[in-house]
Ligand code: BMA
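Next up: a single chain in structure tokens, the form predicted alone.
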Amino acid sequence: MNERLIGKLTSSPVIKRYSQNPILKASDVPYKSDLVSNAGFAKYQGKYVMVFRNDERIDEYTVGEGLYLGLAYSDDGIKWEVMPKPCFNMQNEEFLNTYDPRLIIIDGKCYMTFAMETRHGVRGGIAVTEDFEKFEVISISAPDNRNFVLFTEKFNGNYVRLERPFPIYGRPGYPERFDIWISESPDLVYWGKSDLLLGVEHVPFANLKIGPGAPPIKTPKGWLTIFHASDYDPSRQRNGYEKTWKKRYCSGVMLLDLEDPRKIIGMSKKPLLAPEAEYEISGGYRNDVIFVTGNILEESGEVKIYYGAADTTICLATAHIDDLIGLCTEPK
């Protein structure tokens, strides 16, 4: 497999990182925590809510007692108070752990998508809650699929989600070439009408895999959608816990049609966020990783963009919604 090398990448100038990043780290968690990352975010019942991935590890290679979801609240979306116990974990004989949630509000309820490692493959789930204490699990996919992101509205009576299946045998010569797909459902349980939305080959700053990031934001111009993109370079030195870690994760942005999200109106040909800050490129579990899993559009037009940094902490960046749309619609 001869991958096209990507080279140096930088973040878009419309992005502003929060000066006091990270906004959450393991030492902020009042129970056992070695790493925090990849959280879902929403404004719900007058509060900012974060459901985050919490890792307990035996050593730098091995998940220990748990990989599950913690809960935090905030009045401003910046300073967070972590609740005294985790909020969600489906661990049993079949389900090994739960991670990488996304949150979306539909009809006054908070829906959470999440990933799971099971004894028979990687799966994705959808749950709903009104208090973050009790969750009703609506559906869990067959292997291998995850990175589910829901739209806030139905299209022609159906729910729609973005997803990232793992077609190990589907891309000859590319054992880790994964793309963004789109599916729909009448009830959040049965999913079908699946189509490819965006392929790795369509993203200039990726050569390995892409996947959904934060839930799409509805704007007058279209559904603003942040995704993640990974590239591989065999010349990279060890860069984190894993001896063979030679990947980099960036985030991109695209605009989907308001009436038909299967249509891409435009996409920035450059990354929205690329690893550059010290807490993104060094001292982490996996360095050179930015993994956006949440965004909140404020009344001012500011978008709070939340991301996991180096698979170790949770960070914040901001941009104006008009600038983000402009990245997707600028002349090619």
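Don't overthink the numbering: it's just position in the shown sequence, from 1. Note that the structure is a prediction, hence the values are computed from the model and not measured.
We do not show the form predicted together with the named molecule, though everything after this point is about it.
The three residues F114, E163 and Y307 each lack any heavy atom within 4.5 Å of the named molecule in the predicted bound form. Proximity to the named molecule in the predicted bound form, taken as a non-hydrogen atom within 4.5 angstroms, holds for one residue of V289, V51, V303, L272, which is V289. None of F135, W80, W245, F95 but one reaches within 4.5 angstroms of the named molecule in the predicted bound form through a heavy atom, and that residue is W245. Only one segment in the set 245-253, 179-187, 215-223, 71-79 has any non-hydrogen atom within 4.5 angstroms of the named molecule in the predicted bound form, and it is 245-253. Interface residue remark: D231 is not counted as part of the site for the named molecule in the predicted bound form, having no heavy atom within 4.5 Å.
At the 4.5 Å threshold, heavy atoms of N38 reach the named molecule in the predicted bound form. Shown here without the named molecule, the chain has no residue in 254-273 lying with a heavy atom within 4.5 Å of that partner in the predicted bound form.
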